[in-house]
Structure formats: structure tokens, C-alpha cells
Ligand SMILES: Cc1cc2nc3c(=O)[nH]c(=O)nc-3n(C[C@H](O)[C@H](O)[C@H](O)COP(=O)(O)OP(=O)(O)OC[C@H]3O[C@@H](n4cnc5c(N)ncnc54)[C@H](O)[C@@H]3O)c2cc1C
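Before any questions on binding or motion, here is one chain by itself as C-alpha cells, the form predicted alone.
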């Protein structure tokens, strides 16, 4: 394959890293032989888009980013897999359309959104990204181009949505955009003094608001455990929004790797306390840009450098609703006592799970937070958190994981045997693999 270069490859968390050959073709096709790892913009945090060894070819999709068709009567957009959500928003927001589901960054590709079955602040109402996919074109391990969707080659479709790029190379997708009246968001915030109040406010807000999310001070203890801010939003109507679009912000770059003292528990505790008190004063409604509401971290380019050259793990789990507050309290208590938590801790409500075999969300509450990577101590903390999650019947998000043990993963995913059966049918030699699949599925590296 032309245009190969030997590069260091890592996820957004900067751990782990691997040297491998990388190709960025304009037309997505598999090489005739060898192991392949499809990769988009590299925004999965852990090792899902990191090769298991230098023997794998990393096939980046970012130059295959063409819009192929759009049907304005339905919002159906057909595009190549490398098209980013940022480009979709740039083209379609002025025309009154928005992505149906948005993760915390817009710098992700459509192929990556399918492979991770990403979720957003509207999962309690709309579900995850795969629910808006009508058709995929996949190049399978033997070189065939196969169309699949909810009503054709359904098993391959369900194994590919949330399948972490391990069933084939997604080359095209048809997704359904949602209509909006303006590019503005109407947003309200309110404080929650503790975890029980946080969960109650999230559930209550979800009945009336399409987008809800909570920020938690994950270092608060005692009666303040789980305190935080509930944020709820909706797309603003023509009657309440200005007649001009919001001004675009120019992202600022982080010019160096963050020093160790920036991650000290004392500084993080002071930051969290100050942020909570400031946000408690910002009650009431206001209009903000969709970028400010959905992608606040995108305003800081390379923000992952704040965690230093050793990087970080982002831990995200979901706990079934029946398990509720006691399990979440236990998780927060473990984090607080370990002094491992950081600036970011997000809590959200999830609606029902989808039919996709490896899709992450299930009905309940999800908690996500960054853990500065400190070697085995951080991985041991992940194992402790996983033990609590498994006991509650929950699971972790593969797009962010880099430390879960294989035996724990197998206990979290009851539909794993079904997924393995479909994967083995379409890729019996496991040409598609990653460091994640070597760690969690036992693939050869």
C-alpha cells in the first residue's frame, strides 16, 4: 500500500503507545493480507485504536470523508466513514440539521461513532448513535463489500455497531440527522447538594428536557458526597434565539505537558470546590452556542496534555437503575479515598439498551471520570471499581478502557458469545484486531 509511514500511535489518553505502519488512503480498501486496525481521528481514550503490535497496519479513514448524498425530506445523510461530526455540523447546522447523537467531542468520525456506538446527553430519550444508522457498507476480511443495516445482514450490523472496528472496515454509512430551528441552545443549571439529590434531579429533568448531564465534585466526602451541578438543555426555537448565529470560538492550544503538581489532590480539591461554588450561582436559563453546550473541551486543543506525558485513563461505567445510589456512593468513595480523581466527573441517565451485542449503554446511571495514569496503582484502582460494577450488573465503556482484565470483561457482557459467533463468521482469522482485542478477547498480537 502506498503512502505508509512508521509512527507512534496512542489513544486520546496517551496510554498505551505502539509503533506501527500507518496509511491514510483517499479510498478505503483493505490490503490483500495481514492484520489491520481501522482508526478515525484517534479520540477513543484507551487502546481500542492502538495496534497490538507493529505487525498490524493502522488504516486511518480521515481522508475518506466525502458527503455522498443527502435527502432533505428525511434528513438521511450518506457519507464515507471518515467524515467527522465537526464537518457535518459545519455544513448542516446552517441548513437546519444536527447530528442525532453527539459525544463530548465533535472531532470524531462517523465510522468511529458507529464502531463505539457513542452516546450523548440525550440517551435517556433517544438512545445511542446506532439507532440512527440505516445502512452500512463494510469491507469484510475476505475483501467483499457487504451492505448491512437493521433489516439486512442484521447480525453483522448488530455486531458492528459498538463492535470496536473488529468485524470489518466500515467504508460508508447512512445516518438520520435531526431538524433544528436555530444553532442556539437554551440551557438551565441547578445545584445538587449530594448524590441522592443529583440522581433525583437528573431523573426529573429527563422527563421534560432532551439533553441532561451532571458534573460531580468527585473529591467531596461525607454529606457532600456526589454533590454537583445538573445541566439541562434543548435546541432554542426561532422565537427565543437571536437572528444571528453564535460566534465561533478559536480553540486555544495547550503548549506543553502538564507538570505533576497540577494533578495533586489538594489542587484538584480546591478546583472542584471553587467550580461548584461558582456554578451554584449560575442558576436560571441562558442561550449558548451548540459548541459550548455539547463540546466545551474542544475549545482547548490538545487538552489531554494537561495530564502530563504519562497520560490518563478515562473510566466510564454504567450501573443499572435498580442498583442505584448505594453502588454509585461506593464508587465515589473509593475514588475519593484513592485521591485518584480529577477535574472531570460526569454523570448521566441512560435509557434502555439497544440490540447491538457490545453496545455500552443500559438503563441506569453512567459515571465517567479521568484518572491520571500512575502505572499499576491506577490499574489496580480500575480493577477495584470494576469489581463493584460487576457485582451491580453493570459494565464499562470499551471506547475509553485500557486496563480492564479479560475475565472481568467476560462477566460484564452477557451477549459476548453471540458477538464472537458473528465475528468468527465474517473474520475467522481475526484480521481486524487491536491492543484492546488482544487484551480482552485473547486475539494474537
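For clarity, every value in this text was computed on a predicted model and none was experimentally measured. Residue numbers count along the first chain shown, from 1.
Although not depicted, the form predicted together with the ligand is the subject of the following passage.
Put simply, of 165, 130, 226, 214 only one has a heavy atom within 4.5 Å of the ligand in the model of the complex, and it is 165. Using a 4.5 Å cutoff between non-hydrogen atoms, residue 303 counts as a contact of the ligand in the model of the complex. Contact between residue 262 and the ligand in the model of the complex is not found at the 4.5 Å heavy atom cutoff.
For the chain shown alone, residue 41 is a contact residue for the ligand in the model of the complex, at least one non-hydrogen atom being within 4.5 angstroms. Although the partner is absent from this view, residue 426 stays clear of the ligand in the model of the complex, with no non-hydrogen atom inside 4.5 angstroms.
Heavy atoms within 4.5 Å of the ligand in the model of the complex belong, among the stretches 66 to 74, 395 to 403, 375 to 383, 413 to 421, to residues of 395 to 403. Taking a 4.5 Å heavy atom cutoff to the ligand in the model of the complex, the contacting residues in 79 to 109 are 81, 103, 104, 105, 107, 108, 109.
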